[in-house]
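Only one chain is included here, represented as structure tokens and corresponding to the form predicted alone.
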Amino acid sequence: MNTKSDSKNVLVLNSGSSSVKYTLFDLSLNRIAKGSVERIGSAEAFIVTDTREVCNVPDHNTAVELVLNKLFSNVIKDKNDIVAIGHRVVHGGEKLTLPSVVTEEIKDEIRKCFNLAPLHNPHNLSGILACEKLLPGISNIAVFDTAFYQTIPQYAYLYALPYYLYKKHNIRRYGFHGISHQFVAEKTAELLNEPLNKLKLITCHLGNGCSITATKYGAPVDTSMGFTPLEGLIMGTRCGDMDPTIVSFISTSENMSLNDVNKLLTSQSGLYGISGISNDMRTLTEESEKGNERAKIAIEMFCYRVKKYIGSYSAALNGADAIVFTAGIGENSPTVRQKCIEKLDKIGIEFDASLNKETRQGLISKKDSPVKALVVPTNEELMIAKQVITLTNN
């Protein structure tokens, strides 16, 4: 950019295990800039803006510093043009149920959830700490993936374990991808030209991580992920639902520690574990078309699990108004969408194969289908920015 913005802005950061993704919005929610720092801690680290530049990025503090240097060099004048910084935080537990200005107490609560989301919360906090150091005086606001699910009733979020374990350790269903599901639900209502508080929706966030949420009149009533992001659908490397005694069986029969079994279930299972070749649905689709049987069964298992959840959530809602697909697979794989919803005419979905192949956003069912099916691209960063602006205005 040749001209720096004179507007006040909100910076949104999504700090992952080896990346920091950023988006800058003005207060009217126009996107000003976006990019990412990838492969943090490796010799191949790089930053992507309008171009890709290899650089030395040993840690998240350096990554955030790189992001700020790029913004101050090309996009905004100085730190005073940033009103607030919004951070995606995956797990907020039972206490952190609203977007929150980060305080020492908030940081302590985020730390308490490290063991519940070990692949996410520590890195989310690293991004916050880096911003506190590099941009002192600018408010950091945490937006929690779990916060959207506070309306789920107790009969849906409790597990059938001794009740004292819930009271003592807060073992319950929390749900994840809430920021995405909330954005998609609101956008679906807009596309259908119906108020959200009149709609019953089943939103399917299908990416490397996958979850399905049933939302009734704007409030979630159930979701597929549980105590951790391991439960529910088959995912890229996560197993999803299974008989819990398999854990002890694997530990004994394979002479593995519980920690090693947990790693197996989270990073060596799912599409990758079944196929033996990849966790990427694009690769599996190509290999399936070439006759790879393990790739084919991985896709069939994935779609069958999604279809079962759609059916069960349709029952939980006493009928849905729309089924919505989003995220990397949901937005980009017509094959997966078709396998997930074809032959569901008995619950009111009249699938349109031609629309499914062509549509990037909008209907993939027939226009007069009693239950609509749609593709809606997600935008978690925009949802975070909206919540940050609402909080700062208040």
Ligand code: AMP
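One-based numbering along the sequence shown. Predicted model only: the values in this text are computed from it and were never measured.
The form predicted in complex with the named molecule exists for this protein as well; it is not shown, and the discussion that follows is about that form.
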Only one of 332, 36, 61, 369 comes within 4.5 Å of the named molecule in the model of the complex by heavy atoms, so just point that one out. 332
Between the options 45, 341, 66, 327, which residue brings a heavy atom to within 4.5 Å of the named molecule in the model of the complex? 327
Considering only heavy atoms, tell me if residue 141 and the named molecule come within 4.5 Å of each other in the model of the complex. no
Taking the named molecule as it sits in the model of the complex, is residue 208 near enough to touch it, meaning that at least one heavy atom pair lies within 4.5 angstroms? yes
My question is simply whether residue 117 lines the interface with the named molecule in the model of the complex - judged by any non-hydrogen atom within 4.5 Å. no
The named molecule contact at residue 274 in the model of the complex, heavy atom, 4.5 Å: no
Taking 4.5 angstroms as the heavy atom distance cut-off, pick the stretch from 53 to 61, 66 to 74, 361 to 369, 332 to 340 that is near the named molecule in the model of the complex. 332 to 340
Interface residues of 280 to 303 toward the named molecule, as seen in the model of the complex [heavy atoms, 4.5 Å]: 280, 281, 282
